[in-house]
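As a starting point, one isolated chain is supplied in structure tokens, in the form predicted alone.
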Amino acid sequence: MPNERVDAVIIGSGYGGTIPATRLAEAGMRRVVVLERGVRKETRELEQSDALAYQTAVVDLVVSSQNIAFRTGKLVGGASIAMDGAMFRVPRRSFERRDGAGRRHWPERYTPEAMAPYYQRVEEMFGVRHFPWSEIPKAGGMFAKMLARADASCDRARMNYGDCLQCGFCAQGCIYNKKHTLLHTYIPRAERAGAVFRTGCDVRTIERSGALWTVRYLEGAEAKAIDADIVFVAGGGLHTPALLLRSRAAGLAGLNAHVGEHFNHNGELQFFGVLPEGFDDLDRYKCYAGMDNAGLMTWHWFESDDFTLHPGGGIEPTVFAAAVQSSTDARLPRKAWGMEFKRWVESVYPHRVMGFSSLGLADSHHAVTIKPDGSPDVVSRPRESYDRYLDRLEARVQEVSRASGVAIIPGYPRRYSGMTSAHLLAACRMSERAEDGVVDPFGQVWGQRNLYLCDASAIPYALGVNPALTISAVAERVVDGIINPASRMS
């Protein structure tokens, strides 16, 4: 029996897959099929639950052979369902970042000016807006007060939320339709234009079949294959490189040695602070209430030290143990177990604990490989440059701690820094030349005609801000170059 034949196959339904599917279908491509390994959950099916069974249905936790754990989307709509709503344009400093040899990480044509129309297009689709101070939750106010005591500035975030109810379950998926996800924006447009979304489809390999591409996948236990003129790989920062590596092992020739290398977690590191008595009206503050992203951020140290800070919520008491275990701060318990620790947690939770995280221009110190069963693995690479980033970051954070009186410690011991994140970038990075990356400036895999990639793995380097808006804008630009070749000149 011949394989199913379509015009385009999109592997993955996150930002890097759904946006090309939408634009190709709207441009008149008649047979566009999106293959998603997860399920589809409409708003009424989302839950305000931390139960493991629900969490693993919404988010894929990939645990490596070195016990490195990374989070990625696992539903129709991908990470847009569980992300915290922050939608930032990448600053010029990020676009112009260069490596130790002076090579610009981004292709030359990627500048704030060139990306502006694509950013605007995405912002309009997702209803991105600058939050007013009246909508900033109490956690954001605590963060702002801490920074003010350290003479550091902050500003309101740009987010894709509507009239948020501050329930504190953003990462589980918003049950109130206040977060404008792909399910509210691009996916309905794609389906109206004829694109088809299929769930439970685990893509195993891609192979060249003459002028066509053959995508082989499992739908449940049934092996299937589909042929297409054009394929977009959009499995996310871990599953995309793993798919390409499986395909290379199965015979796909021409993929270069950069596949899986340069994996970058965007300089993400979690901190928590213990607020001193009398810091504020603490009885009115609960660290678990409000948006997961508390609606503020600071650029104060970005030009000098390459990082931004973002407050958040949703802190569980159990997260303190690893941080306390590695701390030498005299204001904290001497050990992370026993009665002393229990009483300390009771004394600070939930009114005196604040969470925030860094994002920054940190070098890679991991690579994506595959395990014997073909699933993604993450292995370590030299981290000297990353440790220098941590030195700068931790020094500045401790200056804030001393100036504000807030006891601040990293969310886990330094040796584990970079071993968990939801920002999974650069393992199939875009590059100016084939010898430097996997994808050309137009999103096409080097040496592979009509094989495209514009998800998180194509972002060539850390951004210092949440990557969701930039992944979306790059996807808009890549598919625009296919539909309107003249746009490639800009």
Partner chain sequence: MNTLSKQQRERRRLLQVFSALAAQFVQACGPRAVLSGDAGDHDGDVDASASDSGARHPTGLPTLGGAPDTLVGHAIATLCDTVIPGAHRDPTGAPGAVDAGVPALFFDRALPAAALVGLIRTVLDGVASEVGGRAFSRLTVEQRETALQMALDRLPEAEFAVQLVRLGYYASPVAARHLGYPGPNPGYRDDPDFSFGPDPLAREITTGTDGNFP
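Positions refer to the first chain, counted from 1. No experiment lies behind these values; they were computed from the predicted model shown.
Beyond the structure shown, there is the form predicted in complex with the partner chain, which is absent from this document and is the topic of what follows.
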Just to confirm the contact call: exactly one of 248 to 256, 184 to 192, 362 to 370, 125 to 133 touches the partner chain in the model of the complex at a 4.5 Å heavy atom cutoff, so which is it?
125 to 133
Looking at 224, 97, 89, 392 here, can you tell me which has any non-hydrogen atom within 4.5 angstroms of the partner chain in the model of the complex?
89
Check each of 198, 286, 216, 180 and return the one that places a heavy atom within 4.5 angstroms of the partner chain in the model of the complex.
286
Distance check, residue 384 to the partner chain in the model of the complex, heavy atom within 4.5 Å
no
Counting only non-hydrogen atoms and a 4.5 angstroms cut-off, does residue 208 reach the partner chain in the model of the complex?
no
State yes or no: in the model of the complex, is some non-hydrogen atom of residue 346 no more than 4.5 angstroms from a non-hydrogen atom of the partner chain?
yes
Within a 4.5 Å heavy atom cut-off, is residue 306 in contact with the partner chain in the model of the complex?
no
Contact set, 221 to 239 vs the partner chain in the model of the complex - heavy atom within 4.5 angstroms
none
